[in-house]
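For reference, the chain that follows is the form predicted on its own, supplied as structure tokens.
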């Protein structure tokens, strides 16, 4: 059972988690928690302020984090001095690291990982306190002593066999004694104990990977939404919950903009064939969305319409360079160096087209390369239709393109690698209208169930 940052955003939310876990005690739950909402982003900001030498700003930020966690502790366990001492000890360690970064003026990926994991360590103390207060025997387990990773700091990869052995040693005995282990997500360590983080979607990956090594029956991702919707309800008011999707549908819809899960986070569950259920911790009575290998999700029909905003289309003409060994890698690296996140890539005989998110000055990224011209179109969105088996239904893709022609000016067609999703690149201002048109035409009243 993994609880995201919004599920543990403060004392009230953390207290709300306790009965959800308590009701599952007979199923031997293992709990993974994210940091409180916004804490990891604040830690990242404090690293940058420390590197800039902004002592007062760092001290204020650290004090605000301390006050937030101690306030939650006092609400969850009034008068519990030992809890406050444990939190204060962890926070003092954080302050020492931040001061060290300020003095040195530089931070390696290893140093950043050492700081960025503090949010989860603080949150697991608070969650254990809430569980014990609700009559659930629970104990903190340090993820850095269980999840063994490589040394790819910032995006470390967990290793199956050593993690399986350590999980059996550290988690197994607690479960046998009906004690709920609570681990911080996102965290791991190299074989010699150097702290690492697992990158984007890290807490979901922690839960999925622990589910694999522990032979879990199911992995539950508890967040603040009901699950995967047929569309964004803000743009499509008639959007409804999708009860079941396949692993491939979930991964490709996530890659195209669905925000329920990071695509890489469920890979261990796919490997182990373990169902993943996305549920709402604010409404635990709702069933959520089940992600698995089979079931009615295998019907060859559109499952959802998803939108990814803030995209930029980069067209690179390089007839003299495109066949040169290493050019493609060089081009993408230069573009990503401007802050762009690669979303889609198409390579042709005289150049390439790339779609980036979160991009800055992409037009000048390849200016130093001889024989290369670059054209940039910003403020775009990808509106995509996803569903297992649609690759074999050209008639459905035809309907998608027909609706797109009526509702928006389609600039490009983007296809997922396994063809479980088809995206249409349009101006951002046209995205909501296209999403509504596609949802009405292709999903309508039959979605969700």
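For the two forms, the rigid core is made up of the largest set of C-alpha atoms that agree within 1.5 Å on superposition. Just so it is clear, the model here is predicted, and its values are computed rather than measured. Residue numbers count along the first chain shown, from 1.
Although it is not shown, the form predicted in complex with a small molecule is what the next lines describe.
Undergrad: The small molecule isn't shown here, but in the predicted bound form which of 128, 331, 122, 306 has a heavy atom within 4.5 Å of it?
TA: Contact residue from the list: 306.
Undergrad: Among 93, 75, 224, 169, which has any heavy atom within 4.5 Å of the small molecule in the predicted bound form?
TA: When the small molecule is considered in the predicted bound form, the option within 4.5 Å is 224.
Undergrad: Where, among 142-150, 157-165, 375-383, 252-260, do residues come within 4.5 Å of the small molecule in the predicted bound form by heavy atom distance?
TA: In the other structure, the partner sits against 252-260.
Undergrad: Against the small molecule in the predicted bound form, would residue 82 count as a contact residue? Criterion: heavy atoms within 4.5 Å.
TA: Contact with the small molecule, no.
Undergrad: Going by a heavy atom distance of 4.5 Å, is residue 231 a contact of the small molecule in the predicted bound form?
TA: Taking the distances in the predicted bound form, the answer for residue 231 is yes, it comes within 4.5 Å of the small molecule.
Undergrad: State yes or no: after fitting on the rigid core, is the Cα displacement of residue 255 between this form and the one not shown at least 2 Å?
TA: Yes, the C-alpha moves 2 Å or more.
Undergrad: For residue 307, decide whether the Cα shift between this form and the one not shown is 2 Å or greater, given a superposition on the rigid core.
TA: Yes, its C-alpha moves 2 Å or more.
Undergrad: Once everything's superposed on the core, is residue 240 shifted 2 Å or more at the Cα between this form and the one not shown?
TA: Passes the 2 Å threshold, so yes.
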